[in-house]
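A single chain comes next, written as structure tokens; it is the form predicted alone.
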């Protein structure tokens, strides 16, 4: 097993979220807004979709060196993830070049040698996509049949999952049918029917895609013949890393500087304001570009520290998260400073100061907890913006490493593909579909969190 820097940080963040949830469960004033989020139908539907993406991202963050052959003691020099192991068929089924979605022939004509030795100018058959078809005219019926088989598998998983969840909660299956009736009638406080239907849709979609991907290239193949559907799935981890690890870098800076500036005022406030005003005046893209170029120069001069391409790509991804975090904390810092200026004048803070309570205790017990709603709302809203930022930066070649699977790199490579005649559109379509789904789910969930934690909305 091998642990990259980004893998360790993302699981550290998961542990922190679990601990935060455990602490929240013991505080009624923290549980109250989360109950409002749980009662929001659109918020819970979007959360289920987000958890689907997060599951793929976490599976793709557990890396190990596979054996070269089954039962062999020798291991490969290239690390793969648990997700790669799970989707091995579509990972290794590479074609020669471009092929359209669900195609069984290449996208461009070549000289093809027939079985009788005759050479013709035609579209060659793919090695994997639709290779099981002996009669190409039955392709449509075969696709429908495979999709239907996957839908049945997804429905079976869903039907088994519901009693299993009920058993884990109640420790018995007695009365499971009677207790499920209110859920499907929509009579529960929590939107359990919407959650169940969303899980049903994702189960059917996942199983259908898995069944089809074993026999066809769902989103076609790229210039080097790699499956585009596999690239889009692998890009989920990169998008989640950018959105979460950047937050891990941004939060300590924004919290510490914002609270200190608002509470102490005077020269401390002036110094911090000068710092974030100066940083905000520098174009972010230029600062990121300069930092990435410096990182590339350092890697080129110290090749012994980066033994593999995967390690180089991981360090560049981590460095990009650091740069994005350093350049994006100023907005949240302004908000926290303004809120701290208001909180320091509240009666309970003034009373604590008059009683001689240390300033550090006041900051931790009275100021910081009352800034939690602003921090949470800002973090959730900024997540989708950071995912889109990666796509833009990779499009101008200052984002993640070109060897890293990301939606930005897919869009960047699609520039020349869209100029072809006929147009190769499926790489752009795949990146857009996955990125749009993740960003839309994140924005909808952010809206429900904002409505629940914003004191002004809570009072209405």
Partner chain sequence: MINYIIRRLLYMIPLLLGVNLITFVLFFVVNSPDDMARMHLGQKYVTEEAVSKWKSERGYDLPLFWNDEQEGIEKVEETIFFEKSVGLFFLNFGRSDNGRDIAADIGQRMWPSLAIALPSLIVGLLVNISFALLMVFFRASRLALWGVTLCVALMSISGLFYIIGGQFLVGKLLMLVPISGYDTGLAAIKFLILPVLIGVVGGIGSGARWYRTLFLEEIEKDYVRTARAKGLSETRVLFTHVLQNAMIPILTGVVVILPLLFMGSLLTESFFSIPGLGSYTIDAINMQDFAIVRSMVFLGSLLYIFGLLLTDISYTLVDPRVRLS
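Computed from a predicted model, the values in this text were never measured in an experiment. In this text, the rigid core denotes the largest set of C-alpha atoms whose superposition between the two forms falls within 1.5 Å. Positions refer to the first chain, counted from 1.
There is another form of this protein, the form predicted together with the partner chain, and it is not shown here; the text below is about that form.
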Just one of 206, 81, 198, 296 has a heavy atom within 4.5 angstroms of the partner chain in the model of the complex, so which one?
296
From the list 56, 37, 411, 48, which entry has a heavy atom within 4.5 Å of the partner chain in the model of the complex?
411
Which of 184 to 192, 255 to 263, 239 to 247, 386 to 394 sits within 4.5 Å of the partner chain in the model of the complex, heavy atom basis:
386 to 394
Residue 439 near the partner chain in the model of the complex, any heavy atom under 4.5 Å?
yes
Applying a 4.5 Å heavy atom distance criterion, does residue 278 contact the partner chain in the model of the complex?
yes
Give a yes/no on whether residue 289 approaches the partner chain to within 4.5 Å in the model of the complex, heavy atoms considered.
yes
Considering only heavy atoms, tell me if residue 435 and the partner chain come within 4.5 Å of each other in the model of the complex.
yes
Determine the residues of 396 to 426 with a heavy atom within 4.5 Å of the partner chain in the model of the complex and present them in sequence order; the list may be empty.
396, 397, 398, 411, 415, 418, 419, 420, 421, 423
Checking residue 293 here: with the core superposed, does its CA move 2 Å or more between this form and the one not shown?
yes
